[in-house]
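Only one chain comes next, encoded as structure tokens, the form predicted alone.
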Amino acid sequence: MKNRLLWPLLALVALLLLNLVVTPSFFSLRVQDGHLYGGLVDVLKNGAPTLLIALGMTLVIATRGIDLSVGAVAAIAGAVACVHIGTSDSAGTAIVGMVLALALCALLGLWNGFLVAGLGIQPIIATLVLMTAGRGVAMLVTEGQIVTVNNTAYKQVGAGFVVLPTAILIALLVLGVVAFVTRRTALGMLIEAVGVNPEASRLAGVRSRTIIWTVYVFAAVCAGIAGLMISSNVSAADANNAGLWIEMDAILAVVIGGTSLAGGRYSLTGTLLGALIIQTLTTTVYTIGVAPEVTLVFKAVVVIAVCLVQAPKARAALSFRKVAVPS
């Protein structure tokens, strides 16, 4: 009962079982033409962009920040890549387009970091600027049109397979790298120190501004990769709808996973569980036939329930013992 990850894990299991009851073949897996298919594979594939963005958001929130611009950054990445590729089917053109898109995303992350760490603007306000303007930039890049591409190499990013869908492998690779860098080096401890007390960490010799800049750049690059996945999956860039509200799903995934919005300690495993819950919840909505007009209400109820059982008082009550709960 003490473990914060217990309740997200139970919520994920409950949602998966509900899908199994409604669709008995939900857990079935099959191999066709060397590709693995099934309901669980679809959940992982569709949740890969949310997981990527949630990973970047976890580190940002751990430094007492927030990034509302990731959805717009994802739209910009897809727009830049697709416009550059155009009608070409060359793998080289696709690679250059993706590199240009991710480089631009890194610059946008630097801009957010400059506003937050350099000018001292509140993160929610600083990133709200790019959240609003970013869609306009994406629309400017695509000239207000949905840009379609037919590039085999580019399609591999979001719709390709290497036994498992490529999107899953990319997301797991990024998760593994982040886990290794933050848990096997001092970077994770420094991020937590900045989140707990930025001024104290600065006085202790930690370059808190550099840490903050780094996490915002990383969050933007993760959003860029997610944007490439989204546009690649449909072979098109839609500046209006690509990554729309995905920042909200990412924040929910981080919070459900047990990371505090007050900064400090964070959980990458919790973020993974949170992202899976959000995507499984989306799948469940369609599986059980929830009416479209109440879909968001249904999702909100489940998310609120998971967050409530993570509260100290609720966990103390469920463990049937009295504990001191900080006021």
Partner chain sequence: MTALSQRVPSRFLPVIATVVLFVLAFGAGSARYDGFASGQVIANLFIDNAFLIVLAAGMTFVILSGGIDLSVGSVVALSTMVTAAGLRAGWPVPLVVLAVLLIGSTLGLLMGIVIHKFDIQPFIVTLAGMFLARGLCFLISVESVSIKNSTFRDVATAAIELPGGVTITYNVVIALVVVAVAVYVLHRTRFGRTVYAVGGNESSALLMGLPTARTKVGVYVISGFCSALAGLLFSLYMLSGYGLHAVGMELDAIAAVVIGGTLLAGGVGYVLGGVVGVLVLGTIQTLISFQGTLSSWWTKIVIGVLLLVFIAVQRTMVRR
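Just so it is clear, the structure is predicted and the values come from calculations on it, not from any experiment. Residue numbers count along the first chain shown, from 1. Rigid core: the largest C-alpha set superposing within 1.5 Å between the two forms.
Keep in mind the form predicted together with its partner chain is missing from the figure; the text below concerns it.
Engineer: Counting heavy atoms only and using a 4.5 Å cut-off, do 172, 176 and 199 all touch its partner chain in the predicted bound form?
Structural biologist: So, no: the whole triplet misses its partner chain.
Engineer: Taking its partner chain as it sits in the predicted bound form, is residue 132 near enough to touch it, meaning that at least one heavy atom pair lies within 4.5 angstroms?
Structural biologist: Yes, residue 132 sits close enough to its partner chain in the predicted bound form that at least one of its heavy atoms falls within 4.5 Å.
Engineer: With a 4.5 Å heavy atom cut-off, would you call residue 92 a contact of its partner chain in the predicted bound form?
Structural biologist: Residue-level check for residue 92: no, no contact with its partner chain.
Engineer: Taking any heavy atom pair closer than or equal to 4.5 Å as contact, tell me whether residue 299 reaches its partner chain in the predicted bound form.
Structural biologist: Although its partner chain is absent here, residue 299 would touch it in the predicted bound form, with heavy atoms inside 4.5 Å.
Engineer: Residue-level contact is defined here as any heavy atom of the residue lying within 4.5 Å of its partner chain in the predicted bound form; does residue 180 satisfy this criterion?
Structural biologist: No, residue 180 sits far enough from its partner chain in the predicted bound form that none of its heavy atoms falls within 4.5 Å.
Engineer: Only one of 43, 68, 281, 272 comes within 4.5 Å of its partner chain in the predicted bound form by heavy atoms, so just point that one out.
Structural biologist: Going through each option in turn, the one that passes is 68.
Engineer: Which listed residue (240, 87, 152, 185) meets the criterion of a heavy atom within 4.5 Å of its partner chain in the predicted bound form?
Structural biologist: Only one listed residue qualifies here, and that residue is 240.
Engineer: Can you say which of 200-208, 155-163, 221-229, 135-143 gets within 4.5 Å of its partner chain in the predicted bound form, counting heavy atoms only?
Structural biologist: Answer to the contact question: 135-143.
Engineer: Would you give me the residues of 238-256 that have any heavy atom within 4.5 Å of its partner chain in the predicted bound form, in order from first to last?
Structural biologist: Those in contact are 240, 245, 248, 249, 251, 252, 255.
Engineer: For residue 304, does the CA position differ by 2 Å or more between the shown form and the other one when the superposition is done on the rigid core?
Structural biologist: Comparing forms between the shown form and the other one, the residue 304 CA shifts at least 2 Å.
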